[in-house]
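First, one chain by itself in structure tokens, the form predicted alone.
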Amino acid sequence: MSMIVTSDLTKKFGAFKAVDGLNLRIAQGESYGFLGPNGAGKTTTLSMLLGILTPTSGMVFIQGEQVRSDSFSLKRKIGVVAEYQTFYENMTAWEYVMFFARLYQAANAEKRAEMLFEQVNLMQWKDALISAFSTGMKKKLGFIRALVHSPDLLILDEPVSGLDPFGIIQVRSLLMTEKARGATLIISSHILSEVEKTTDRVGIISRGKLILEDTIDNIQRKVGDGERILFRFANQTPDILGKLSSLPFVIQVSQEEDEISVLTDGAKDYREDLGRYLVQNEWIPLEMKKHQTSLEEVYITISEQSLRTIQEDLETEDVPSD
């Protein structure tokens, strides 16, 4: 079953089209990374999913129900962690969470809240005023507020910004617990290493359009220029780079300090072929490993391609017609 479906979702601000015919389908229980450069339309899209903004055209459905600005029953099924959050700082942390628990009509609110406070290591601070909290503590409190009613859908915008490394690990564990419970996660973030660790599938948006959507593994294969294998040797000789370059499946060989990088055509895993060739030439590898293209590398490649396309479009628009 689909948790979220958008149909030709479009939002204009005057002549500017922030979101342009966006079609998303996100399954129940899926963790979905929503990526794109600044100004791509991510925040506008999330605001329409939440019913904060009304689409210029197109529709949003959550669990089969069309989202409208007055869909209050639907909004009780959603938890939101925004990049910038505001708090009632004259409340204690516990009072604040219980206020939202009542607002969302959360079942077993106190037990649920205690578990969440423990999970992000804030239990000893639950009776302190929020005004005394650090940025990271407030971020964690935002997660507790968003999760106290056990929402079916979590929408997270830069969820780990402001957190120290230990806090990031805690939040990552919290998100995986919620996913295991069956919650659907939409994560928009520029910290791509976290997106890579916590999502099943990503969609990349540019100029309001979805330009690529797939599992991270598939995107890495599509965008990568082959397969890169890295070596370190015990007995490297000066001719090794030339000889490796002569192999028919090798596209490029390069060296940085004591590490040699061999880029193959990616048609298959060539580690066995390379290992056999090294033994024949009496080169002893101390280390051989595949280099997996990171989501960050994929994102930069796609963004650069998108920027080139934008520039080409602008140049075309500047050419006077006959």
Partner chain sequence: MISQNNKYRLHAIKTIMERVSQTRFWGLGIFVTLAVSLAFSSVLLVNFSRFTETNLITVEKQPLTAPILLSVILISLYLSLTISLNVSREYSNNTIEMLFYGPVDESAYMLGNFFAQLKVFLYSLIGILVWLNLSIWLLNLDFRLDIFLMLGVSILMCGQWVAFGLLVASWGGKRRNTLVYFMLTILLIGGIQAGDFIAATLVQIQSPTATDPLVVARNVLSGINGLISWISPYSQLSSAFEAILENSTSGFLGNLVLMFVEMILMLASSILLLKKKGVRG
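Residue numbers count along the first chain shown, from 1. Worth saying up front: this structure is predicted, and the values here are computed from it rather than measured.
One more form of this protein exists, namely the form predicted in complex with its partner chain; it is left out here, but the text below deals with it.
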> Heavy atom within 4.5 Å of its partner chain in the predicted bound form: which of Leu247, Leu230, Met91, Met176?
Replying inline: Met91
>> Please tell me which of Asp70, Glu257, Glu272, Glu282 lies within 4.5 Å of its partner chain in the predicted bound form, judged by heavy atoms.
In response: Asp70
>> Lys75, Thr86 and Leu103 - do all three of these have some heavy atom no more than 4.5 Å from its partner chain in the predicted bound form?
In response: yes
> 77-85, 232-240, 181-189, 109-117: which one contacts its partner chain in the predicted bound form at 4.5 Å, heavy atom to heavy atom?
Replying inline: 77-85
>> Can you tell me if Ile52 lies within 4.5 angstroms of its partner chain in the predicted bound form, counting non-hydrogen atoms only?
In response: yes
>> At 4.5 Å between heavy atoms, is Lys140 in contact with its partner chain in the predicted bound form?
In response: no
> Though only this chain appears here, would Ser47 touch its partner chain in the predicted bound form if you measure heavy atom gaps against 4.5 Å?
Replying inline: yes
>> Please tell me whether any heavy atom belonging to Glu95 falls inside 4.5 Å of a heavy atom of its partner chain, as the geometry stands in the predicted bound form.
In response: yes
> Does anything in 127-156 come within 4.5 Å of its partner chain in the predicted bound form by heavy atoms, and if so which residues, in order?
Replying inline: Arg145
